[in-house]
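Shown next as structure tokens: one chain only, the form predicted on its own.
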């Protein structure tokens, strides 16, 4: 006999942009559609979810979308029986009435705080740590995504890499994608770049480098915060979705905001991907293409410590010798320098245009490296690890 399906409540507050809801929506769908859980996603901003999942009706407080029950997390929280597993994402604070209902259960829910992704060393030691409630008979467990086997791993659908590999060798699938965004398939000699970022003072310098590039550059920019800067560069006071801009060897197209599945296709179709935050960062890893990550900036520059921790980990695979077809140590060190230079320039909003030529010269090695890392980290699946942890807690309580 199969064990009965677990019921899960996932709570998400949309703080800024789409990173929080992007992670929560992916997790909810994966638990529901791959693990057979009954999942309720409580979110305080349905308009943000509708951007990622267009069939979401932002006017409905309760609905079913892609196998997930979606509920509006309003100020007046309804009386709700707690689920078997309660996932509080990114330290959002659960409603008092819901916590009280959890405490009143004879069989207490498994309460998990899903944290932000980080490559910092301390994460390994904090993963799965319990935190007893100060006054109620409840224990919350910290669950940290990460890159080592001592962490919770990364969100990855079971067939994603197979679909990616099939797309990248199938000209018809690629042609269909380019037609879907209103473009012809670029010529073989064109360098295709997706650019999804926060506002960045280094953008114009990067555009200057692409303008004088010996190779044609096609830059695809999903609708977002950087579009106004694109308009400034091309002297357009009202930049809009669908606009094309050309200067020298640079062609820029502004795309509409794309839902999650189509964003994966964009990453797979491009040779280089600029990404931001957490959700698109992980998707760029799975794309297996060279990428540049812009971490969410913090006023005290604490984000740079997190950036360097990942650079150390990610670049470490490049600088160490690997069996063929991965680069040998000398080649890898050049690629590490290229990677670090551009990532640091982009995040410090400085001389990205100057760092670009070195990065472009190492694309062959960086491509092989990206493919290797996508498979290296695919063995540590967050949803499966979460399931195992819940079973582990259940046995401890039995």
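For clarity, every value in this text was computed on a predicted model and none was experimentally measured. Positions refer to the first chain, counted from 1.
One more form of this protein should be noted, the form predicted in complex with 2'-deoxy-thymidine-beta-L-rhamnose, which is absent from this view; the next part is about it.
Trainee: Counting only non-hydrogen atoms, which stretch in 68-76, 209-217, 275-283, 152-160 is within 4.5 Å of 2'-deoxy-thymidine-beta-L-rhamnose in the model of the complex?
Mentor: Single hit among the candidates: 275-283.
Trainee: Heavy atom within 4.5 Å of 2'-deoxy-thymidine-beta-L-rhamnose in the model of the complex: which of 245, 310, 141, 296 fits that? Just give me the one.
Mentor: None of the others qualify; the residue that does is 296.
Trainee: Quick one: of 167, 178, 233, 116, which gets a non-hydrogen atom within 4.5 angstroms of 2'-deoxy-thymidine-beta-L-rhamnose in the model of the complex?
Mentor: So the residue touching 2'-deoxy-thymidine-beta-L-rhamnose in the model of the complex, by this definition, is 116.
Trainee: Indicate whether 2'-deoxy-thymidine-beta-L-rhamnose has at least one heavy atom within 4.5 Å of a heavy atom of residue 249 in the model of the complex.
Mentor: It does not: once 2'-deoxy-thymidine-beta-L-rhamnose is placed as it appears in the model of the complex, residue 249 has no heavy atom within 4.5 Å of it.
Trainee: Using heavy atoms and a 4.5 Å limit, would one call residue 259 a contact residue for 2'-deoxy-thymidine-beta-L-rhamnose in the model of the complex?
Mentor: Output for residue 259 is yes: heavy atoms within 4.5 Å of 2'-deoxy-thymidine-beta-L-rhamnose.
Trainee: In the model of the complex, does residue 147 come within 4.5 Å of 2'-deoxy-thymidine-beta-L-rhamnose, counting heavy atoms only?
Mentor: Flag for residue 147 set to no.
Trainee: Looking in the model of the complex, any heavy atom of residue 20 within 4.5 Å of 2'-deoxy-thymidine-beta-L-rhamnose?
Mentor: Residue 20 belongs to the contact set for 2'-deoxy-thymidine-beta-L-rhamnose.
Trainee: Which residues, if any, of 188-207 lie within 4.5 Å of 2'-deoxy-thymidine-beta-L-rhamnose in the model of the complex when only heavy atoms count?
Mentor: Heavy-atom contacts to 2'-deoxy-thymidine-beta-L-rhamnose in the model of the complex: 196, 198.
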